[in-house]
Each structure stands twice: as structure tokens, then as C-alpha cells.
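Just the one chain here, laid out as C-alpha cells, in the form predicted on its own.
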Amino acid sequence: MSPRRASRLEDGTLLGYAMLAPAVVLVGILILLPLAYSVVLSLYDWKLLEMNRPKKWTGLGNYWKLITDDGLHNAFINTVIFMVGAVTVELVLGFIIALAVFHMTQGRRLANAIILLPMVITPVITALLWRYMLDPQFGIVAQVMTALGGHGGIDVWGSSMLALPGLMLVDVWQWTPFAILILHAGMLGISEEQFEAAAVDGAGYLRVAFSIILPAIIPQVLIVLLFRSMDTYRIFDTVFVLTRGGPGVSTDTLGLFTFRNGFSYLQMGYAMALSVFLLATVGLISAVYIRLLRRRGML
């Protein structure tokens, strides 16, 4: 036995690998096999109601259709606008509110508990809540505007200009608490010596916020960007409940577009190709953030 192998046996490295092996095999079966099967199915032209018929081989035909499909281009643009807009607002609001909570001397726990409430509500219930709140006739917003002398509410979900910003508003309301939670945890890890040194130098509130706190929580900022970018890129349930992609195709997203091709048009081969495209682009976004996290020494 070589000295190196003997050393591994002594320090338990091989035992660790042996104990991890069943979990790795199980994850491979549960994740990699369905993924590989989806890729294979994306190479065929077949419909959901024709499962018993032989599938027609199309090779990369479904992927070529991705390139030339105007509906996909529209859904991709809407998804990117939604992701960039919602995540940017959540990050900025999250930083401001986390900073306010960080400087609180009393009631911090109560504030955290109240702030986190939207996160415990399921996205479908949240969407229904906002649908009725913004109803142009019976919603509470319309009633308040009428009471203030206005002419009732605005049909947000029926407007091609307002529907997408409205969806962003719902996402910001529900998931800004996630950004607050992560950023506030990062702020609590900053050493007191840095604040004492800033006080000695006479640094003001804004200088402390942007010269000490913000640089110290960059890893937490990247974590928020990673998780929220992936979630918003795959958005489906909120859009399905509130607008179903309308009016027209003004709020159509990649998730909804994939669902519609698979379960409305029954084009399962094309829907599989869309799913592979969605997975590949999410993986690309994740790889960029993971690379940045590695540069910060967090992975």
C-alpha cells in the first residue's frame, strides 16, 4: 500500500467518500436521469395525447424553432425585464430597510418578524390578494382613490403598459424581506472596531453606510442576486394567476410560454426543448454569480 493511500485511510477520507456515495448515486438517479430523458424527448416531435404512437424524430428541429419563434423572443424579453427590474428594486429596498433595522436600538426582533410575514404566504395566495386589492371596481385601492375624490381605480391587470410593472410590484412586496434577512445578517457580522474607527474619523451616516457597511456585505449581496435572479427568471405561478401572459402577450414569460406549449398546444417535444433552454440559461446565470462568489472566497 502506498504511503499516500495509507494516509487517506488513516484520516478517514476514503470512509467519507464511501458514506457520501449512496447520496451521490441517489441524487444522480433523481436529477440527472430525468434531465437526460428530457433532452432525449426534446429531439422528437410528439403530442401529449398521442403517447401510444411512435414519436417522430426531428433531431435539432425543436431547437431551431427556438431561434425563429417570435413568441419565445417576446417571452424572453419580458422575463429579462421582469428579472432585472424586480431584483434591482428588491436589492435597493432590502439594503435601505436592513440598514434601518440594523440601527434600531429597540424592537428589532418585532420588526424582523413583521418584515418577514410576506415570505410565509404562498405565491398563489399573494397573487390572488393583489388581484383583488387592485381590482378597478371593488379593490381597496380603487375605494381609497374614490374616497379621496378620484374616479375609481386603474385596471392594472388589463393594461399592457401597467401589467408587467404590476407583476414586479407583487414580487417586490413578497421577496424584498428575503433581501432584508440576508443583508441584515451580513451587517451583524461587521466588527465594532470599524464603526468605532469611523466615529473617531467623524464619518457621517451615509459615509458609514457606503464606505463600511456596503463593501462588507458584498458576499451577501451576491447571494441575494443569485437566488432572486434564478427565482424571477423562472417566474410562473404569479403570472399565471394574475394575467396568464396578457393583455395580449405583454406579460408572457418563459415559464408560462413553456407551460402553454406543453399543456395547451400539447407540443411536448417543443416544450421539452424550451425546458432545456430555460435550464441552460438559469445554469448560465448561476455560473456567473458562483464565479463571483468564488472570487470573494465564499465557495
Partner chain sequence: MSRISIGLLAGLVLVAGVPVAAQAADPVGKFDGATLSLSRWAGDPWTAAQVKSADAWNAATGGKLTVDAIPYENLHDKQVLEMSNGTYDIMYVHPSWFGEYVSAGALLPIDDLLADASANPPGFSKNDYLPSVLSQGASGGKQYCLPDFVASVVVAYRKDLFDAAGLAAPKTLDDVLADAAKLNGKDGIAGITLPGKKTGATADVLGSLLTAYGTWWYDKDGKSSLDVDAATKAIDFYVKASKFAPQGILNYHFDEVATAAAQGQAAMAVSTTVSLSWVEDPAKSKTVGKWAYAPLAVTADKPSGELIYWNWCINAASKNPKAAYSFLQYWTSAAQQGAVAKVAATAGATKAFYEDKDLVASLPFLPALQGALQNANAQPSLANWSKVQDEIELAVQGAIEGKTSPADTAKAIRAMLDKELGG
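Predicted model only: the values in this text are computed from it and were never measured. Positions refer to the first chain, counted from 1.
Omitted from view is the form predicted in complex with its partner chain, to which the following refers.
Colleague: Quick one: in the predicted bound form, does every one of L48, F240 and R260 get a heavy atom within 4.5 Å of its partner chain?
Modeller: Yes, the whole trio is in contact, each within 4.5 Å by some heavy atom.
Colleague: In terms of non-hydrogen atoms within 4.5 angstroms, which of the given stretches 168-176, 98-106, 181-189, 147-155 touches its partner chain in the predicted bound form?
Modeller: Residues of 147-155 come within 4.5 Å of the partner.
Colleague: Are any of the heavy atoms in T68 no more than 4.5 Å from a heavy atom of its partner chain in the predicted bound form?
Modeller: Because no heavy atom of T68 falls inside 4.5 Å of its partner chain in the predicted bound form, the answer is no.
Colleague: Under a 4.5 Å heavy atom criterion, is F138 part of the interface with its partner chain in the predicted bound form?
Modeller: Yes, contact at 4.5 Å.
Colleague: Would R244 count as touching its partner chain in the predicted bound form under a 4.5 Å heavy atom rule?
Modeller: Yes, R244 lies within 4.5 Å of its partner chain in the predicted bound form.
Colleague: Closest heavy atom of Y37 to its partner chain in the predicted bound form, within 4.5 Å or not?
Modeller: No.
Colleague: Would you kindly say which of S211, T88, Q194, S160 lies with a heavy atom within 4.5 Å of its partner chain in the predicted bound form?
Modeller: Of the candidates S211, T88, Q194, S160, S160 is the one lying within 4.5 Å of its partner chain in the predicted bound form.
Colleague: From the list G248, P54, G28, G59, which entry has a heavy atom within 4.5 Å of its partner chain in the predicted bound form?
Modeller: By the 4.5 Å heavy-atom cutoff, the listed residue in contact is G248.
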